[in-house]
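There is one chain below, alone, in structure tokens, taken in the form predicted alone.
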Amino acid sequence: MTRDTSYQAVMARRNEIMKSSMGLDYEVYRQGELAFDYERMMDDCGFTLEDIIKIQAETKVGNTPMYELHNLTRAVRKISAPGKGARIFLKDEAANASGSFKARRASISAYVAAQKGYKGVIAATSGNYGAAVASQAVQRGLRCIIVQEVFDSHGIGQPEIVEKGRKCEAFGAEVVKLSVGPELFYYLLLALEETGYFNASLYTPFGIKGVESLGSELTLQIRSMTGREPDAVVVTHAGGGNITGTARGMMAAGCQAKVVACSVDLSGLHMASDHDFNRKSFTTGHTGFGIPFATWPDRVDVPRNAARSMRYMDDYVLVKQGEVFYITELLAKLEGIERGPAGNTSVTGAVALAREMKQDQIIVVQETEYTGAGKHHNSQLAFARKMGIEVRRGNPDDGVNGKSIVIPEHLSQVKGCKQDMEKLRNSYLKNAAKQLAPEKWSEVDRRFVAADVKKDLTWLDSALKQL
């Protein structure tokens, strides 16, 4: 008897498909209606930090360079108040095998898939993670399928995503290219069920554990280079895995630096909108992912998300598209390194923050990504013009997402915008209340929610009274 492959039938089988595609039973971690044993789930991966580092070294991942950006720091100090302008350091994750930090996430998933006897891996992603999975899969002797949202309904492909698909194919992956819409998760489930491959989801414990080596590594490198701890680490924030894994690795190394999330402000553009899909110049690291995933992580392709960014972020900064394009060009012109705009989101946030920090303080940009072809900032700007977006110089605050990109005329116009963390936490509480009315929360649910927003029960009780 053939299985029903209709959308409704496949979605109804999603828990069964997920369990068989990872060998991970999320139900054993359930503690309440909202709560689950997060730390036990992470520990059950069975890997120490030393194990992860060893596994990653086998497939050209990790031990990436750390650079002090002397010229950019000097430029920032020229526009800062006397005594201000922190030293800016850059962790160059473009040196990983696939050209981004996502190789760290993919490395552990590919290793686990091979160890458990799966013949291949599948991931649904339009970002750098696809190339990372493909690169790691081929090194572990695994087949690979990447499911991407590439086109709008007119068949026009976002150039950055097209480039990422090309890189996946270069590593031997089969790429399933879709138009924007609700079908992505359906095709992922269908492919997992038909092939019996491993689900190399971005949001499994394996993927997050892989990023912990990055946090530990950058801590040890800064200590070696400067003799002290960093004061702040800026992390490009989208789905939350980057900030979660990095912060956990820093904590494992005994580092208490402030962790600052940074996203591109794409407010006004909807992630699932066919019209808006090709009117944004960033396909990751923006508020379309950053805000929803911070305020409710469990909106993913696994039962419980191991990436829980609000547990770890101390601040959240938004930057404009024009600001990121300006800093991308400046990084090449001042420091002689050309990197992708999405990875430079955190560089832009670091510039804005360094202006307010003392000169003896240290701020670390936690990652970079490769650039080229459709990922290059000039390609993105050319595509924006083709889609009717005005590109001009001026005050980046004057840009209107989906209509105009305004590139600064001077470094002093790169300012960023700090977000209200209490507002974000309250948004999380509202989302939790939609799942279960707060008066029905058990004590374990209450403690879980408080930990998920990095607060205590006293704060939680006060905040719930004001909802």
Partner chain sequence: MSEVKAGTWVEIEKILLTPEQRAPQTPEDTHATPYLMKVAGFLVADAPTDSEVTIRTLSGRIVGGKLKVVRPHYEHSFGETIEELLIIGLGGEL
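Numbering follows the first chain given and starts at 1. Remember, predicted model here, so these are calculated numbers, not experimental data.
The discussion below concerns the form predicted in complex with its partner chain, not included here.
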item: Candidate from V317, M357, V180, L90 lying within 4.5 Å of its partner chain in the predicted complex - any heavy atom; value: V180
item: Contact residue in the predicted complex, chosen from I55, A432, I407, C45 - any heavy atom within 4.5 Å of its partner chain; value: I407
item: 4.5 angstroms heavy atom contact with its partner chain in the predicted complex for R143; value: yes
item: Any non-hydrogen atom of V162 within 4.5 angstroms of its partner chain in the predicted complex; value: yes
item: Exercise: R339 in contact with its partner chain in the predicted complex, heavy atom 4.5 Å; value: no
item: Touches its partner chain in the predicted complex: N378 (any heavy atom, 4.5 Å); value: yes
item: Partner-proximal stretch of 387 to 395, 91 to 99, 343 to 351, 235 to 243 relative to its partner chain in the predicted complex, 4.5 angstroms, heavy atom; value: 387 to 395
item: Contact check for K78, S273 and A373 against its partner chain in the predicted complex, heavy atom at 4.5 Å; value: yes
item: Sequence-ordered residues of 300 to 328 touching its partner chain in the predicted complex, heavy atom within 4.5 Å; value: F325, Y326
